[in-house]
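This text opens with one protein chain seen in two forms, each one given by itself as structure tokens under the names structure 1 and structure 2.
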Structure 1
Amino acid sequence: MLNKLLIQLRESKFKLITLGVAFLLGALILTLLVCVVTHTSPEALLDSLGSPEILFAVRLSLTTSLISTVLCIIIAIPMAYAMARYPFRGKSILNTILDMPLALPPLVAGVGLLIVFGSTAFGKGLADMGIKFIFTPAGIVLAQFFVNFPFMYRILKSTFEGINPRYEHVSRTLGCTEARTFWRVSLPMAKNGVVAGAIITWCRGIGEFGAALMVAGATRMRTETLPISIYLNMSCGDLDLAIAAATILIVISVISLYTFEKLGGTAKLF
């Protein structure tokens, strides 16, 4: 019996080592999350969570991230469908361009948005019409949209690519136009992809920092989302408030990730 165990152990040394690494890293991540949440006393945490600043940040984060997610869905669905279905000249170049925001550091994207909407004639024209992005909450939405739509787009593209075009062929031989086919066949079949993409986009939107910092700045109680609140409060040393904002973001991340995995969400990103 002992002999058998020893043999098995020797044979599975490799398994133990590789699994060990996984467990070790899992422990590190878990420790980190617990450390953040328990860094202040529960009373201080509750106090901070109820403070007007954190309440403002929660409200602003939820509003901006919801708007930017809806925008991402509206823009990404037709884009993803077109890129998944139609062949055309220059497609691979367009594809690489559309993937760019994924590879671009958010800070650089923020600088770009600041320049385009702040100092070009186009941006100034928009501002004159009352559509101002620079140092406004609208700028946060813009930053979240620009940095996160590639996630929505890629998830949807792979979803549409996973739907056999023959479903659409059948629909079209049965009397539907392409548009009707899209609404009655392709989109309903892509439902899971849309939901999964929306969760990811929203979760990333709510945590967006670099691009939003450049476009909308960090103004207390004006463009103060949860990440900006962490940044501001860490800078001025008000750790309790920073921890409160971080705790909320951790809870949101855990819930989003869990929901996403429950939905069986797997989507090719790269």
Structure 2
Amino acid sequence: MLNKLLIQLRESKFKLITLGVAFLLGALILTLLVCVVTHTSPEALLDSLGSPEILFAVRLSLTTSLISTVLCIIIAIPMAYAMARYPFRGKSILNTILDMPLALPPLVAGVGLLIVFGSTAFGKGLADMGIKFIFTPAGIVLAQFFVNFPFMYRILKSTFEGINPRYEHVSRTLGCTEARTFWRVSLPMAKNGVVAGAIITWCRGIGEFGAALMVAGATRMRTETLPISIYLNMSCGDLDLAIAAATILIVISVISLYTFEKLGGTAKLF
């Protein structure tokens, strides 16, 4: 009896310690967010939220992040399916390369994009055809896509790997082609992964800063997304506008994560 009580006590202590660490970190994160939102007065915050600069930053952030997310979805779905289903020589190497933007600092990725699309013959050729990325909103889309694509790819790859191939084999035995099997069986079963990947990719795209700064620059009312707005206004000491942009990003993050948990929470991030 005594041994049983001692075991329960030790388990209770371990439970309290582990949960205590989680609650302490959660309290720290919540404190940081509350401090940002409440750092300025409600009147100043509302005025800043309605300013032309913040409204422009919101529109540009929403537009560029939606475009980059759609591009990530279109490209990641067939690529993730192929990497999950087809064995071939050099697969691990290719998978590592596709995941590389996850490990690269966004600033390094931005420098690489700036060189490729700004200094090389390839980038100059695109510019001659009217396709310009450097210091333009299109550069923001390019930076968001490059940095955030691996998140969409990894989520979908894990999703397709979690689907039992027997469903696809049954579809093939019933006369469906490989492409028809993908559209009628595999893709519908990967719905949660697509939703989860889209939410996370869009949320990260709207908050992308480092790579976008390198490629598109920081020009007010031209390439000013919400993160760029925070950077510009903090640099010049306009704290109210910076807090307004930060508040919008916080609200978007909270809504996105909640939606992710409700709609796509069964999908694996990694």
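On a predicted model such as this, the values are computed, not experimentally measured, just so you know. Think of the rigid core as the biggest set of C-alphas that the two forms share within 1.5 Å after superposition. Quick note, the numbers are simply positions in structure 1, starting from 1.
- Looking at both structures, it is structure 1 that matches the form predicted in complex with a further copy of the same chain.
- After superposing the rigid core, the Cα of Ile255 is displaced by less than 2 Å between structures 1 and 2.
- Core superposition places the C-alpha of Thr18 2.9 Å apart between structures 1 and 2.
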